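Starting off, we have a lone chain in the form predicted alone, written out as structure tokens.
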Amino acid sequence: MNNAYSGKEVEDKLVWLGKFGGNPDGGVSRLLYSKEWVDAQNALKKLLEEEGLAAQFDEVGNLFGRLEGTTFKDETILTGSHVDTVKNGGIYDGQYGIIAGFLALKYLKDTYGPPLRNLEVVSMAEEEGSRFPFSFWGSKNIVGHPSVEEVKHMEDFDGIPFEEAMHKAGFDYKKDPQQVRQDLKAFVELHVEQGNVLEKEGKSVGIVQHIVGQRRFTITLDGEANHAGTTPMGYRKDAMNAASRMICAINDMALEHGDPLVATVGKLILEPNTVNVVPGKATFTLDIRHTHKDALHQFTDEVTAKMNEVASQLGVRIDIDMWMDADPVPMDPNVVKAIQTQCELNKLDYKMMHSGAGHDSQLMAPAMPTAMIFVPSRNGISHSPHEYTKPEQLAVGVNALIGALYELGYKE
């Protein structure tokens, strides 16, 4: 298959969608149930309908565009991604999967006619958690796990209640929050990588086999603040000294363990945080990720033991709060194989890989066979106006998606 679309055709559609919530610097801010979000979803609905797809919203605002199947009418293959953005994000994260899904269905319809199974593209309501303090509202509602009781009492950064924003946008809670569509037989999500593995290795497509599990911690160390000039080194209970030793140890342990494990200390706060006082308190965050649950748990146990050992040696109190514990999510081998088969048939240069970031697919996978396709991201930049994927790479990703949907939707 030659490229079904030119890179410019794909990029033009992304630029068009990016105008809804577009910022002067080229970024996009399209938060859940905002005017920009409503305008984008309505524009997408019109686009789907103009192409002859049956388009409709569910109760919470997920938008579906459907190409009817001829034979297995109770089986649906779903593709798509999320329409919301982070504040001042880019035009690729999320919306590329929606635009690519639309273009894939259009090409398949025009080239092969109706599929055997229904094909649908979904523009999911929310994934990022940028307006309200939760995430995956769109996919959680699709798979029957919405956080209704949690969101009822939430407000955004302007004090607007979640329910008020939802109702103003014209949507409501699902009548049956636990309901899951029985016709959904597979989900394929196309996404920019948000990392630089494909770019570094010169690969045009990534086929995702796992989404990493994550454990996140806040570590608080209580020592003793004291005068920097009059407190001998041997008498100190220096919280910063303890934190620095722990952080260096964690980094060394992660390097020794090797890929695919990653460990990150992203935030460090000292008190009283002044030049002439021994720090009495240190607080830092820790993010640990791995593709396998047992390895993730074993490594965090080893890190916890090491931090407790350092705290005991230096005479500081330690509190370790694990506030996220998300297991790794494997992709479905059969859907992965369908993508791989079509990549080989169409001579696409692909890499089998894992996703180090979270995606809607990790919510979808427990409910239906799921897999992901990645295209390169320049310098791995994402959640930024500077995120970028070359037009020709966008076109190759659409090709890979077309092949996957053909394999899943048009074959017996």
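In this text the structure is predicted, and so the values were computed from the model without any measurement. Residue positions are given as counts along the sequence shown, with the first one as 1. Whichever C-alpha set is largest while still superposing within 1.5 Å between the two forms counts as the rigid core.
Not pictured, yet referred to below: the form predicted in complex with a further copy of the same chain.
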Examine residue 88 and determine whether its closest non-hydrogen atom to a further copy of the same chain in the model of the complex is within 4.5 angstroms. no
Residue 151: heavy atom within 4.5 Å of a further copy of the same chain in the model of the complex? no
Partner contact for residue 330 in the model of the complex: a further copy of the same chain, 4.5 angstroms, heavy atom: no
Within a 4.5 Å heavy atom cut-off, is residue 227 in contact with a further copy of the same chain in the model of the complex? yes
Any chance all of 135, 167 and 298 sit within 4.5 Å of a further copy of the same chain in the model of the complex, going by non-hydrogen atoms? no
What is the one choice in 236, 292, 174, 306 with a heavy atom within 4.5 Å of a further copy of the same chain in the model of the complex? 236
Proximity to a further copy of the same chain in the model of the complex, single hit among 341, 313, 111, 273 (heavy atom within 4.5 Å): 273
Pick from 158-166, 69-77, 180-188, 252-260: which stretch has a heavy atom within 4.5 Å of a further copy of the same chain in the model of the complex? 252-260
Any residue of 161-196 that, in the model of the complex, places a heavy atom within 4.5 Å of a further copy of the same chain: 193, 194, 195, 196
Given a superposition on the rigid core, I'd like a yes or no on whether residue 160 shifts its C-alpha by 2 Å or more between this form and the one not shown. no
Quick one: once the rigid core is lined up, does residue 293 have its C-alpha move by 2 Å or more between this form and the one not shown? no
Quick one: once the rigid core is lined up, does residue 278 have its C-alpha move by 2 Å or more between this form and the one not shown? yes
